[in-house]
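Heads up, the chain below is alone and in the form predicted alone; it's given as structure tokens.
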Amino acid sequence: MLKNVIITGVGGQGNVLASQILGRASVRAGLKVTIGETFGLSQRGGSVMSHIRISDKKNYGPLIPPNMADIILGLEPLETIRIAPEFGSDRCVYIVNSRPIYPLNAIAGEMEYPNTSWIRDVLSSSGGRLYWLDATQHAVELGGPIMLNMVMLGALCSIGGFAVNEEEIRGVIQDIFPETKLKANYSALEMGKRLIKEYAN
């Protein structure tokens, strides 16, 4: 068993924390995991991509080979479509937060941010399975955009056949967060799970 997962987004969305939680949850599940991360020029607002390789047999290299991602977890739509040609395939599952974060050059009018409907259509036509989730809105309702990564992790571990389940994610959260933060993070996981179920129906 080998699951190649990419978490992609922009700085400030909690991408790195999400990859660390997923990695620790994989270890809890008795699996082997390797994580590789790449960062854009800006810590906040720049591109961030984490490669998580989960196996029950051996440790693999930290970077996923081209077109070998099983799941792409996109915290931001443009960042997702940007990496899809290189790492996606017709068997890749895309779990994408639909809310864009406009880069500075788009705000300044130097580039045009693609229409999110176009991004959705392109990913839908890739041949893989697409879950297009309004995760930011629900994260805000749960306490703020900072909860987005937990909503998306909840969605990820709800995909059928995924290597790590919600209980293992919860165990890691309990280890790293103070008790005052647990309820909100658990609620965010549940929300992600619910969004996947609603989308499937």
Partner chain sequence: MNELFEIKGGDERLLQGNEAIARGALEAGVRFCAGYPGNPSSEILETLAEAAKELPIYAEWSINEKVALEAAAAASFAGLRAIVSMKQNGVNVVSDFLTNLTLSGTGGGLVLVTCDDPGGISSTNEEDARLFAKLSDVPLLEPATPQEALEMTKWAFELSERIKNIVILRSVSRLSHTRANVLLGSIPPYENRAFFDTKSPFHTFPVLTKHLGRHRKLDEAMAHYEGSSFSRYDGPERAEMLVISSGSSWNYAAEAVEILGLTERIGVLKLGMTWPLPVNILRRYLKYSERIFFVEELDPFVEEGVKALCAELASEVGIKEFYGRSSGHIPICGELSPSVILGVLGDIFSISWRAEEYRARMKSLLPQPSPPREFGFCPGCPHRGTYYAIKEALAWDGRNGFVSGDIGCYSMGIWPTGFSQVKSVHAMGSGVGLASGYGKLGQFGFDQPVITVCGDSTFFHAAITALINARFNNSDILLLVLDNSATAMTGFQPHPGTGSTAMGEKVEPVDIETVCRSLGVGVEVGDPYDMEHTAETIYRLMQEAGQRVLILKRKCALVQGRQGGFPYTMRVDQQKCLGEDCGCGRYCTRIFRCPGLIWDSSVKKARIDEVICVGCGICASACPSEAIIRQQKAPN
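Since the model is a prediction, treat every value here as computed from it, not as a measurement. Positions refer to the first chain, counted from 1.
There is another form of this protein, the form predicted together with its partner chain, and it is not shown here; the text below is about that form.
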Flag this candidate site as yes only if Gly23, Arg53 and Ser126 all have a heavy atom within 4.5 Å of its partner chain in the model of the complex; otherwise mark no.
-> yes
If you check in the model of the complex, is Leu130 within 4.5 Å of its partner chain, heavy atoms only?
-> no
So in the model of the complex, does Ile169 come within 4.5 Å of its partner chain, heavy atom to heavy atom?
-> no
Wondering, does Gly143 line up within 4.5 Å of its partner chain in the model of the complex on heavy atoms?
-> no
Counting only non-hydrogen atoms and a 4.5 angstroms cut-off, does Lys58 reach its partner chain in the model of the complex?
-> yes
Which residues from 69-99 come close to its partner chain in the model of the complex, meaning a heavy atom within 4.5 Å?
-> Glu76, Leu78, Glu79, Ile81, Arg82, Ala84, Pro85, Glu86, Gly88, Ser89, Asp90, Tyr94, Arg99
